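This document starts with one chain, in the form predicted alone, laid out as C-alpha cells.
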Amino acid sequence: MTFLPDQWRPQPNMLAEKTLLITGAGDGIGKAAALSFARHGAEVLLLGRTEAKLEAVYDTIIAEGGAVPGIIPTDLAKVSHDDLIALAGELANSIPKLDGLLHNASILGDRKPLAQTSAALWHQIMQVNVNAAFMLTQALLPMLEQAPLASVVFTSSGVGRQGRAFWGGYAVSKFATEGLMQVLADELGETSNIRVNSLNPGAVNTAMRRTAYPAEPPQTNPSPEALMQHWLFLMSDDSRNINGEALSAQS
C-alpha cells in the first residue's frame, strides 16, 4: 500500500524556497531526486563521489532554468567526522537553513555468504551506508533545526527489513539504517520541527539493481523518475505529520 494520500499530486513550485541536500546525487535515484526537486522549485545541493556526474546534473538543472545548485564532491568511503563538521560550517556560512536531507548514497558490496565476506569490504559498506549517514546528519542538524519544517529521508531496502541470504553487509547496513531512522525520529519528534523517515524504493532500474540481478531484464523494473512522487511528497510540507515511518515506494 502506498503512503501517498489519495489523489495527491505534486504541485509546481511546491518546493520553492527550500534547500535540499542529496547524497549520491550523480546517478540513479539520487540524480532523479535532485532533478525532480529542482524542477519543483528547490535549491539542491549535490553531494557525490564523482564530480563529473555532479556537474552533468548541475548543467541539466541550469539548462532547465532551475535555481543554481551547489556541488559537493565527497567520497563517503573516506570522509571523516571532522570533514563533515567543516562542510556543515561552510554551508552555514552561505545558506541560512537546510530544509531537507536525502540519504541516497549506498554501496552494494559482494553478494556472497557472510562466511566468505571480506572484513575490509564489510567496514567499507558500513562506512558509506551507515557511519557517513550518521555523521552527516549529526553535522547538519543545527541547519535543519533552522528550517520551519525539515525532512530527513534515509533510503532503505527490502533486505533491511527482512534479512535474506547472500546480501551480507548491505542488508545489515540497511537494518542499521532503519534503526538510525527510528532513534533519530523518536528523539526529534516531540522536540523539533524535523521529521525523519525511511523509504524503500523497491526494485528500480538502477546500476545497483542491475549489478545485484545481472540476469534480470532491466525494463522489468520502473525507472527512478517513475517513482519520484514519493520523494517529492516526503520533502514537501504535505508530509509534515509523518515521522518515524518505514515507508515503501512500491507495494
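Residues carry their position along the shown sequence, with the first being 1. The structure presented is a predicted model; accordingly, all values stated were derived computationally and were not measured.
There is also a form predicted in complex with a small molecule; it is not shown, and the following applies to it.
- Among residues of the shown chain, V183 is not one whose heavy atoms approach the small molecule to within 4.5 Å in the predicted complex.
- The small molecule is not shown here, and in the predicted complex it never comes within 4.5 Å of any heavy atom of A171.
- Taking non-hydrogen atoms only, D75 approaches the small molecule to within 4.5 angstroms in the predicted complex.
- Remark: I62 does not count among the residues lining the small molecule in the predicted complex, judged by a heavy atom distance of 4.5 Å or less.
- Contact check at 4.5 Å (heavy atoms) against the small molecule in the predicted complex: all three of R49, N104 and V204 pass.
- Considering the small molecule in the predicted complex, the lone stretch of 136-144, 90-98, 150-158, 109-117 in range is 150-158 [heavy atom distance within 4.5 Å].
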